[in-house]
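We begin with a single chain expressed as structure tokens, specifically the form predicted alone.
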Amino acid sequence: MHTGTDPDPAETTVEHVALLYALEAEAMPLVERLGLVEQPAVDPCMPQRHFSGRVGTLAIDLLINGRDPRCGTDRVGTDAATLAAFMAIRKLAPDLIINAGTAGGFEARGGSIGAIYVSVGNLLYHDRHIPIPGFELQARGAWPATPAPHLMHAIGAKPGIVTTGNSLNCTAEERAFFEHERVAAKDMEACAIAQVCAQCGVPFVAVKSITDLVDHPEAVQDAFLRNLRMASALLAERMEVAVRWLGAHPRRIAEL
């Protein structure tokens, strides 16, 4: 089991994975496919939902951020994601964290509704603006994704840069950032989780299914709501393949 203090995390054998989701609509199709069983909350003060199970050699814990008790909506964004990642690492001690969910894509870079991406390079923040010397890197994020080319091939996904922000819509400045960085998927959680994982020494991969196209004239919220169920179903299909691939026999992080 990975503890965050191993001298070389790349040599860690993946025996236990934590799957982090923001939306119940994204997560429940996989819960049903794998027959995961709901467990008591990881922390009774938090509204997270916790499911667990086993596939082959792999122990699985799946966490959903849960509902905002004030308005009943899914808890999205970097604050809930940061907390979920920290709680998963401290309370569950996984060898690998995968953040699976939906995201906006980019038609100009070959994106399409339902396309699946696996994170490559660094996870970035696209909506943090701190124009003070010394704060640039903190604002940018640039937390590393663990290379996972074999997992990506196993699930038939594309490689892509993933960036994170706390708004569904984006500004003109952010659009310029997407173009400059050649972003493939924009979400509301991945970079926050990558930051916690990097600081705790836990390998991290993001898997994203596209619900809407940022550079398409249709309103993002309309496309998101129309395509969420379909994109989540496709995500569940690929994530089931990923989990079964990981559980088929012991694999080191370096073999992802």
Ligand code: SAH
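Here the structure is a predicted model, which is why all the values come from computation and not from measurement. In case it trips you up, residue 1 is the first one in the sequence shown, and so on.
Although not depicted, the form predicted in complex with ligand SAH is the subject of the following passage.
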Using heavy atoms and a 4.5 Å cut-off, decide whether Ile116, Glu237 and Glu240 all contact ligand SAH in the model of the complex.
no
Which of these residues, Met188, Ala231, Val196, Leu34, gets a heavy atom within 4.5 Å of ligand SAH in the model of the complex?
Met188
Partner-contacting position among Leu168, Ala176, Ile130, Ala93 - heavy atom within 4.5 Å of ligand SAH in the model of the complex:
Leu168
At 4.5 Å between heavy atoms, is Val14 in contact with ligand SAH in the model of the complex?
no
Though only this chain appears here, would Ala103 touch ligand SAH in the model of the complex if you measure heavy atom gaps against 4.5 Å?
yes
Find out whether any non-hydrogen atom of Ala41 is located within 4.5 angstroms of ligand SAH in the model of the complex, and reply yes or no.
no
May I ask you to check whether Leu246 falls inside a 4.5 Å heavy atom distance of ligand SAH in the model of the complex?
no
Counting only non-hydrogen atoms, which stretch in 55-63, 198-206, 42-50, 223-231 is within 4.5 Å of ligand SAH in the model of the complex?
223-231
Suppose contact means any heavy atom within 4.5 Å; which members of 67-94 contact ligand SAH in the model of the complex?
Asp74, Val76
